[in-house]
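Just the one chain here, laid out as structure tokens, in the form predicted on its own.
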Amino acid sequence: MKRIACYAALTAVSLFPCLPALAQDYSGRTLVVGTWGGDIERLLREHVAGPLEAMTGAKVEFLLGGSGDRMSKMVAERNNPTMDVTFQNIYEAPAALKEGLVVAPDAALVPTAADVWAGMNDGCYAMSLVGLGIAYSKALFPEAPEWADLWKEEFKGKMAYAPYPSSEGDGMLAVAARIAGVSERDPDATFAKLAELGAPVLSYSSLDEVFTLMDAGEIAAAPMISGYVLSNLENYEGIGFVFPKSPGPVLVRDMVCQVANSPEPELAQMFIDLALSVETQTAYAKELNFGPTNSKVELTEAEADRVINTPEEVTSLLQLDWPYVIEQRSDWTDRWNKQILGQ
């Protein structure tokens, strides 16, 4: 009731969350947000940055790139950060909080955080839910494959991988470990099992690149994040996507973080509040096929079928021992380059 009353009292900005600093003029101030490009940037500009600029008079500047680059930037700028908000993945967020690089989630500062499914604001605020499944060539797989099918002899040397380190690479290592009957804590068996698939056809940096080759049947399959594939399937008739059952898809969760000691903490909190709103989360689900973390989002049955949408679905996914994985990152990068890529 408190938030409803606050909305009613502020009719001029009634479309925006009621935050403590709402009445302040931020003209001439700039909020720096580190995130990925493409449709993610587009949706954030439309549903978050634009409304925030209109509400406060501030300017939102996007710093585009990979989450690893943003982690490195926060470490380098620990004592004088230039980013205010950063988007990280499921394993980077807790590590960033442990290192004091980001501010712990707080619903008193970001009211919409209270609407996020319980337990998901780990390290930072949970932004979206996706799973790692298999994008595959329909010409080579007449039926949707299980993970174990990728190890059939006829597909050796026909895989594609995202550059490592990545959520896709860590997820595929976790799958290889389960196929080998171990966990990711046995890297010798894990890397040996994944190496059985042969050096990949492609270590891709462009989705268009891998999709074009897969559509032509030159690539058999690739472990991919669900939202990226589902958003492109209509453009490629020869590509399918599946969430395997044994083991299941790997949980991937994007997080949005307030950078510790940043120049614009109040604007950062307002940006995050809008990012977690029902409107933004609904747009993520409908346009990106990224599952919403806000428990108040309502999707049609068809929309819900395309995303990970409930805590029950999250618990059914394969979850890695992320603290351990992060500790191994340097060694595993070297092993990936040598044992998987053959470099």
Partner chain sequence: MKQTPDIKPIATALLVAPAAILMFGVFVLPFLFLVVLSFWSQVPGSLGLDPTFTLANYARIISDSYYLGGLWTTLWLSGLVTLLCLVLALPLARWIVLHAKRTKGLLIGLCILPLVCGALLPTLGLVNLLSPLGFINGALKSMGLIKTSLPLLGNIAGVSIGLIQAFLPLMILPLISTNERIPHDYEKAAMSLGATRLVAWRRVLLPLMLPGIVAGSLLVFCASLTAFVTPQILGQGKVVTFASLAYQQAAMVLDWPFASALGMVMLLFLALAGILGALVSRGLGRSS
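Positions refer to the first chain, counted from 1. Small disclaimer: the values here were computed from a predicted structure and weren't measured.
From this point on, the text means the form predicted in complex with the partner chain, which you will not see here.
Residue in contact with the partner chain in the predicted bound form (any heavy atom within 4.5 Å), chosen from L109, V201, L230, I179: V201.
Among A104, A216, A148, A114, the residue placing a heavy atom within 4.5 Å of the partner chain in the predicted bound form is A216.
Proximity of E99, E209 and E327 to the partner chain in the predicted bound form is complete: all three residues have a non-hydrogen atom within 4.5 angstroms.
Using a 4.5 Å cutoff between non-hydrogen atoms, M71 counts as a contact of the partner chain in the predicted bound form. Using a 4.5 Å cutoff between non-hydrogen atoms, D25 does not count as a contact of the partner chain in the predicted bound form. Put simply, D321 is far from the partner chain in the predicted bound form: not one heavy atom of it is within 4.5 Å. Among heavy atoms of V75, some come within 4.5 Å of the partner chain in the predicted bound form. Note on the interface: of 180-188, 216-224, 263-271, 235-243, the segment with non-hydrogen atoms within 4.5 angstroms of the partner chain in the predicted bound form is 216-224. If you take 153-168 and check each residue for a heavy atom within 4.5 Å of the partner chain in the predicted bound form, you get P163, Y164, P165, in sequence order.
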